[in-house]
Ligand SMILES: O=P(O)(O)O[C@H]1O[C@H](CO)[C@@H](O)[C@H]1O
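Okay, here we've got a single chain as structure tokens, the form predicted alone, with questions on binding and movement later.
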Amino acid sequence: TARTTVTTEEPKSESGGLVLIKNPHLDTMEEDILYHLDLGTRTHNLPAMFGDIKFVCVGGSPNRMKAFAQFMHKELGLEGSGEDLADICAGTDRYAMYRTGPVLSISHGMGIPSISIMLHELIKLLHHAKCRDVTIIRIGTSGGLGIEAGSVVITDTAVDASFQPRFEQVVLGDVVVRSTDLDRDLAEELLACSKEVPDFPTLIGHTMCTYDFYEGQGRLDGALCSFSSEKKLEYLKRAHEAGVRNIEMESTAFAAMCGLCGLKAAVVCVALLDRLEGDQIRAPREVLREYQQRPQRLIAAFIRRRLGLHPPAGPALPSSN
């Protein structure tokens, strides 16, 4: 039987804002190849490329993260249209990465395994680049729980499918359990920023993270289903009573890894539907596109406020691709 290890490590307070790594073996390596990002410490000058990055925004879709980078290019008032932003990870088809000013925009794919691989290499990149005082935010989509479709949820705590604030991973046969608390002050700051984009509801709540989109989230419409509609509804109501307001597939791993490495982190996801009312996403494509822009608009307002910038003149929306 696997032994359970509870990890309670805290980031070192003397880090001076640097991104930490929790791996002594890296100090003995002459070169660190960030394989899935097509970057490396010998082949690239990471401090020159990334040393002044202050905000990292991650999301599932490569197209969406490119659109967000182009949107931020306009929001920051940078020269040019931003339409020609280059994919820094163009040498691989695993992830896409774009830079605009002090903002890095990266795709992470779908699910815990995909975001975990990206985060290992991203965190090492930020460490090697000697970045300081980095804020990292996951922006994405989710299923809502007892909230209106189109609502934006700012996560206070990521919980697992048993509604516990933990991320479990098997390491060398042992189950390692890590905390999934996120930065509360950052969540409150994001909620305050939502007043600048008041045309959609924004709230703070727990986010439930699952390993699966179908059975793992209590859906009745997958290729497999081992429970009744009554059992499904009872489970989702228990989740709601436990404080869960949305469901997605990355937040526990994201919160655990960022917390251990000293990164101030937040998760901001829009709800595409209320799971208490159904399983399938039925809203028209144009409605879903506008929903998906909502977290991006909130994060843009947050970054502008942090940088002391005024909103650009005229209506600005992320690209719809």
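Predicted model, so just to flag it, every value in this text is computed and none were measured. Residue positions are given as counts along the sequence shown, with the first one as 1.
Below, we turn to the form predicted together with the named molecule, even though it does not appear here.
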Considering Val159, Met249, Leu145, Met72, which brings a non-hydrogen atom within 4.5 Å of the named molecule in the predicted bound form?
Met249
Just give me the single entry in Ala192, Leu203, Cys225, Met110 that has a non-hydrogen atom within 4.5 angstroms of the named molecule in the predicted bound form.
Met110
Among 44-52, 282-290, 59-67, 23-31, mark the stretch whose residues have heavy atoms within 4.5 Å of the named molecule in the predicted bound form.
59-67
Against the named molecule in the predicted bound form, would Ile139 count as a contact residue? Criterion: heavy atoms within 4.5 Å.
yes
Indicate whether the named molecule has at least one heavy atom within 4.5 Å of a heavy atom of Tyr235 in the predicted bound form.
no
Can you check whether Tyr211 is within 4.5 Å of the named molecule in the predicted bound form, heavy atom basis?
no
